[in-house]
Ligand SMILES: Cc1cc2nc3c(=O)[nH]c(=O)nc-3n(C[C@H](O)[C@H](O)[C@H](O)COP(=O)(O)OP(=O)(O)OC[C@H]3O[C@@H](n4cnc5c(N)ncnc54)[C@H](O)[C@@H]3O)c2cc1C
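A lone chain, given as structure tokens: the form predicted alone.
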């Protein structure tokens, strides 16, 4: 079953989570104006999957069941799957800025891999247990929140050495029928309007931290779960041309002695596999973040071009404007190209799924994390100071000021002042509002800090292959043998260098 956005909103009424926003208890998540932009953002992933023009990107045939599912819930099996996931994420974020639901995809793929490794190493039954749960989620077309980032407490101490163990989610008790978990996840995107949470470890663990290496599924309204969240976007603000419609809430989720039955437990103390899950999820998610921020970059490029036009400038005649626009395009398409390379150079995992190339995924995410501020700077540069100097939208209907403002704030004669002001407010919303700041920070820290990406790049990059190359060159081996190195040693896509075919349309 593929739900619509309206179906998704209605489905939230069957849950009764304990949610607080701005210090107030939310009685009905589906009807709360402060959360409406977030629900609308997730809703894009539902409606797009039902549109014939998008179904090739937004749906896929799940290999473990043979059923057509939303691509945001799919296990990737080929480089084509990864390429179309990347494009699908870009598509939904062009519309919504951040659609959230690709986090479910990334968690599913990481857990799929980690549970297979745990079963192979320990003789457990996590993998089939997870597949059964995944099929249930796919059949119901649910959206899951990723409860991964712990509060962490004193960052210099490991989880087991914290003065307050509840700064990390951990297993408090093991029972014959399940486990009891306790602790706090500090950054959960979309927390109030999820159907369930996937609780996952956020770092590598040692044997002493084994009780913190837990992965399980918890309904959003399970007894003992409390969500303390921010509003989604800028609901109700007339000046918020974009984020009054689309945005995401982020919540702190507290687990106060929450019982989880064994059929929903996918790791319970296997610290090595818990560490693998952390890095596997990070690679999948950083790959998805590339598509997400490319979609946001498309919004900046489009708004920038409209502002240039409304200001009466011609990029062909005004070289500084053209150069700034090209720099913005270069950044967006540059990190997106890393996502494409990560898809093509994917590797087959022992679980049977594919993993995007770790180096290219992390380079792409590192580029966007550090260049998001340049993206905002360039968009602001081509737009001009009107973006922050423009009076609020109430003045547009003030009979004492509206006429005067319209007369002096027009740019090109053939573009009405109202149109120019509308685009300026959109650009302000994307770059200079608190929502614009949210996009910057989530780009910098979402999926891990830049330091985490640098570690993964250094850990996985074949430096010694480059050393061997230079040593052979110094020994004149390359010249003497008459050989040429036509590609990076050891690099090729998992299924051969082929142009990906369009996925089968949903039946």
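Everything numeric in this text was worked out from a predicted model, so none of it was measured. Positions refer to the first chain, counted from 1.
One more form of this protein exists, namely the form predicted together with this ligand; it is left out here, but the text below deals with it.
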**OP:** Could you tell me which one of 118, 188, 332, 218 places a heavy atom within 4.5 Å of this ligand in the predicted complex?
**Re:** 188
**OP:** Scan 114, 147, 368, 99 and let me know which has any heavy atom within 4.5 Å of this ligand in the predicted complex.
**Re:** 147
Original post:
When you measure heavy atoms, are 43, 53 and 242 every one within 4.5 angstroms of this ligand in the predicted complex?
Top reply: no
Original post:
Counting only non-hydrogen atoms, which stretch in 170 to 178, 270 to 278, 348 to 356, 147 to 155 is within 4.5 Å of this ligand in the predicted complex?
Top reply: 147 to 155
Original post:
With a 4.5 Å heavy atom cut-off, would you call residue 446 a contact of this ligand in the predicted complex?
Top reply: yes
Subject >> Any non-hydrogen atom of residue 39 within 4.5 angstroms of this ligand in the predicted complex >> reply: no
Subject >> Touches this ligand in the predicted complex: residue 405 (any heavy atom, 4.5 Å) >> reply: no
Original post:
Given that the partner is absent here, does residue 250 sit within 4.5 Å of this ligand in the predicted complex, heavy atoms only?
Top reply: yes
Subject >> Residues within 4.5 Å of this ligand in the predicted complex, restricted to 89 to 119 and counted by heavy atom >> reply: 103
